[in-house]
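Okay, so here's just one chain, in structure tokens, the form predicted on its own.
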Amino acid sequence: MKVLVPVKRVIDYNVKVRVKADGTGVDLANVKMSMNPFDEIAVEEAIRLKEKGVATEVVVVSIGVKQAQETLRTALAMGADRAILVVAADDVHTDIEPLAVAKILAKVAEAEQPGLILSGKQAIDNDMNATGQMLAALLGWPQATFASKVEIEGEKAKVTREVDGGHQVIEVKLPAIVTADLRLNEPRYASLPNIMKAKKKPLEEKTAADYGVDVTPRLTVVKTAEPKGRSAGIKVGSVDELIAKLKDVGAI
């Protein structure tokens, strides 16, 4: 079974994001970029499936700018077999919207015929949490989102999902879309020998036009602003005063 894993290049989660002075977006100058953490978890799960003998090949795909090659090489160093880069933007500030990404991934899936698509549940830069669901709709495949455990049993996948009330276990028929949650696994670090080997692994480059997908944005960002700072706390002299303050939310 072939496993397809979409990965996205985002600002490293350890970096403090800065908003441009004119409010037109986020400042990416000299900012460290890395693989979206949820996608990294998806890559790790795909590699584990291969190590168990369930998967035969792990293919990673990224859609965006040419610099996403670095992200794909990281996935290859972790243990993926080959990579596909779909160049859909020239400017690093251009974020390809989920619907366009889903359409391209649907075309890639039609060409690759994977038995399973494993992706992160969302990207930490825009928090859309929509691509996996849109892709499932376009392909007509079953979906299992927010996965904290994945077990492949023949032609089916048993997935434990994280929901508000705790955990939900569902069974989906393959091929299917599974989106990884934080507790699915702990991604491995790529060793130096594997980093060197990754440079020789195949990385195919395509464009959005090759798949006949229009990536023109449908949304316009009106303004980007930093969140307001937290207001200072107050001290109360007694329990009665605390209760009075809690009743009057505006006084806190």
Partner chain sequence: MAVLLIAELNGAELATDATAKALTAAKAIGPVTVLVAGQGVDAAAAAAATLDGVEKVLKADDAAYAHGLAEPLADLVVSLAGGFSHVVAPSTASAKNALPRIAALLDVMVLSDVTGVVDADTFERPIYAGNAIQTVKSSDKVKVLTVRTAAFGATAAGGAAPVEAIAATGDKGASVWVADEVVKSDRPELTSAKIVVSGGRGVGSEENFALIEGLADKLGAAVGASRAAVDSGYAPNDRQVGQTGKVVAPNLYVAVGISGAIQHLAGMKDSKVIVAINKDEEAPIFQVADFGLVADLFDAVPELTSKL
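Take the two forms, superpose them, and find the largest set of C-alpha atoms that agree within 1.5 Å; that set is the rigid core. Note that the structure is predicted; figures quoted are calculated from it, not measured. Numbering follows the first chain given and starts at 1.
The discussion below concerns the form predicted together with its partner chain, not included here.
- Under a 4.5 angstroms non-hydrogen atom cutoff, its partner chain in the model of the complex has Val221 among its neighbouring residues.
- With a 4.5 Å cutoff on heavy atoms, Arg82 does not count as touching its partner chain in the model of the complex; it lies far away.
- When its partner chain is considered in the model of the complex, Gln122 lines it closely, a heavy atom lying within 4.5 Å.
- Although the partner is absent here, Glu112 lies well away from its partner chain in the model of the complex, with no heavy atom inside 4.5 Å.
- Taken together, the three residues Met1, Glu45 and Lys50 lack any non-hydrogen atom within 4.5 angstroms of its partner chain in the model of the complex.
- Of the candidate stretches 83 to 91, 124 to 132, 67 to 75, 104 to 112, only 124 to 132 contains residues with a heavy atom within 4.5 Å of its partner chain in the model of the complex.
- Contacts between 1 to 27 and its partner chain, taken as any heavy atom within 4.5 Å in the model of the complex, involve Ile11, Tyr13, Asn14, Val15, Lys16, Val17, Val19, Val26.
- With the core held fixed, the Cα of Asp12 is displaced between this form and the one not shown by less than 2 Å.
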